[in-house]
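One chain comes next, on its own, written as structure tokens: the form predicted alone.
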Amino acid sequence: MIKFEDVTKIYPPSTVGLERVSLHIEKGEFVFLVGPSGSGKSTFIRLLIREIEQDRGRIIVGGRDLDTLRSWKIPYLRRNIGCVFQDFKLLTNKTAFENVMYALVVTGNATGASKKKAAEILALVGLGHKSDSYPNELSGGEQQRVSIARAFVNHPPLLIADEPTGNLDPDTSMGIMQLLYRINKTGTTVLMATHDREMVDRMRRRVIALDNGKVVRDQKRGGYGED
């Protein structure tokens, strides 16, 4: 699903984003990306969705070599990647249902069956009864579930979650993690950047640790720290 081959990104004048990173993430994996602030996690994600370009090396996502990807094809790449963020990024003037439907509309997947599909995904995340609620009428955990529903409604092969539990209490965070785990079990590859030490230690999935732009650890069933 993801291949980084000797990838380096330097921000002018000389700040290292990533330095000579090489790794593979297979289809269907659940991977935690960890490391302190400034370690390279955000750079890694921005490179994946072609928000920025590497200075050297090769990146392949879902079989697409991003170096040969023309600019007009970048939106098509992103349609196959679901993204969940710490600050939810919901449209405040749309209901939960309309936020999920919006993802179908902008990707050109709105059909006669779209409303049923959006309703089913909201039910999947446990919010079928809140479909007519606006974001300001939902709790933080509920808003994040809508965000996940919107990211998953097109059944992308890759879902990227950037600090999805950063603003949530421990119990709500565990519910979000269980939801992401269920999505992963359907075959979607999940890459989650996080500072949540307790969550990573509890889940025991593959852990890729970055520090100063370099991969310092890659464990198949790792914890947050080196154990």
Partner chain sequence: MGRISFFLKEAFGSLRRNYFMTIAALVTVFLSIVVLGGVLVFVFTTDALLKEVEEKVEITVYLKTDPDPTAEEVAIMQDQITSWPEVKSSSYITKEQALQRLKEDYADSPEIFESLTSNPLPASFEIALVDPQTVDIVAARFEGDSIVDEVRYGKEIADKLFAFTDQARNFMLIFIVLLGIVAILLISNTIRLSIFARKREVEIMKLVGATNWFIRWPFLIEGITVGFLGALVATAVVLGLNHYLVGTVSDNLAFLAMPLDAVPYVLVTVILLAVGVVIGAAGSAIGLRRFLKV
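Positions refer to the first chain, counted from 1. The structure displayed is predicted, hence computed values, not measured ones.
If you look for the form predicted in complex with its partner chain, you will not find it shown, but the lines that follow are about it.
The candidate stretches are 47-55, 168-176, 196-204, 23-31, and the one lying within 4.5 Å of its partner chain in the predicted bound form by heavy atoms is 47-55.
Against its partner chain in the predicted bound form, the set Leu90, Ala103 and Val106 is in full contact: each member has a heavy atom within 4.5 Å. At least one heavy atom of Pro75 is located within 4.5 Å of its partner chain in the predicted bound form. Shown alone here, His155 lies farther than 4.5 Å from its partner chain in the predicted bound form, counting heavy atoms only. Although the partner is absent here, Lys94 sits close enough that one of its heavy atoms falls within 4.5 Å of its partner chain in the predicted bound form. Using a 4.5 angstroms threshold between heavy atoms, Arg79 counts as touching its partner chain in the predicted bound form.
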